[in-house]
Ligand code: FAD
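One chain comes next, on its own, written out as structure tokens in the form predicted on its own.
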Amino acid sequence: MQTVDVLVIGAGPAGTVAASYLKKQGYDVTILEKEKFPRFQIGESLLPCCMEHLTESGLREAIEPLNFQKKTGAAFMRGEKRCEFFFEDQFTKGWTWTWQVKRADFDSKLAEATRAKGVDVNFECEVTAVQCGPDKQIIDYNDPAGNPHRIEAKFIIDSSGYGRVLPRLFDLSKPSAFTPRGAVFSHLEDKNRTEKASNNIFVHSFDSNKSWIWAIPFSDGSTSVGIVGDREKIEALAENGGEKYKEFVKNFEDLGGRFSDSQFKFEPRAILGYSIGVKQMSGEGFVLSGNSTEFLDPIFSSGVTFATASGLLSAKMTHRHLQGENVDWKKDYEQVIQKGIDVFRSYVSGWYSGDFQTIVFAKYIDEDIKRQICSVLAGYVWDQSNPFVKKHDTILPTLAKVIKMKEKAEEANS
């Protein structure tokens, strides 16, 4: 039976960041990935905060030669209203840019670079059973040919993403409080793209804030375009080969005909009911990271940042644990990650309630407020010096209420 120090489930951003960091500390690390790479994945617009995690794990240098589209901000639109954020203007000191990536290429390069560091990366290997204990963990899996194998590890990091291996095996999942939503998406040629549009993700709100459409430009001249809405709406858009989705993208007024004559790179795909929570993020012999913990909503592109943040922190905590420290997983890991998730949860709620749009589309927006919101959009959701992080649960609805009252008074006096 093979024995290792750490077994990582999943070769996405969370798993490769965790494995690369631990390998740098001298541990024997193996990754088991269920899928064959390259594989398609959404979550294509990164946030600047994740650049710190890629740098610390030693993976950023491997990504740079791929020349992904540089992302310098985010633009929100609703009809003729537009609000653009530039990361160089943010409140928190940190990275002022990141990338927009085709995840098939991005994730494959991360896995390749992690393997080059000496991590044993195995694809098409499905974990079937896990037994956890205080000192050793037993993992059963099937190889690409379906043959059973067993590994013994001192510790497990579950970075299996939507596969949610340990939450599924240990019954750790819990339903999300959010309305069930879905997304339908494809990649399109983008012949009508302007130079300005190439830098930013564009998010267009419609249907009274219940739905929105993203446009994520790539460096090869194509763009990812997706529509998010309630489950019934997405099912209707996706049926018959995405016929209504294609029609909507070509004719959506806020896109100004940008994709009216574009070719679709592949048939539209849909994902439904993606929001999900977890009862606990750690237990005897294991820790969860990335989407194995909790996934909220794609609106603020937080998925990869939470994956790299939790992947890196889980690796650091695992290192301390294996060094013999009495680690407080609840306080030093779960509560830290949960704080970041809760900040974005407030902003997701603010998006669908319309409070976020009330603020950013207001006639006047204070520049300090805009800088502080920009830091949240850049992924710096652990910066307690930022009022829009520290008071995340009340500040958006309170500010939106004040703006509405002010605008109503101005209308009455005009």
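Heads up: residue numbers just count along the shown sequence, starting at 1. Source: prediction; values computed, not measured.
The form predicted in complex with ligand FAD exists for this protein as well; it is not shown, and the discussion that follows is about that form.
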Check for me whether ligand FAD, as it appears in the model of the complex, comes within 4.5 angstroms of all of Phe85, Gly354 and Arg371 - heavy atoms only. no
Ligand FAD isn't shown here, but in the model of the complex, which of 89-97, 74-82, 323-331, 289-297 has heavy atoms within 4.5 Å of it? 289-297
Hey, in the model of the complex, is Gly43 touching ligand FAD, heavy atoms inside 4.5 Å? yes
Indicate whether Ile234 is a 4.5 Å heavy atom neighbour of ligand FAD in the model of the complex. no
Going by a heavy atom distance of 4.5 Å, is Arg103 a contact of ligand FAD in the model of the complex? yes
Contact of Tyr162 with ligand FAD in the model of the complex (heavy atom, 4.5 Å): yes
Which one of Thr223, Asn200, Thr305, Thr114 is close to ligand FAD in the model of the complex, taking close to mean a heavy atom within 4.5 Å? Thr305
Using a 4.5 Å heavy atom cutoff, which residues in 225-249 contact ligand FAD in the model of the complex? It's fine if the answer is none. none
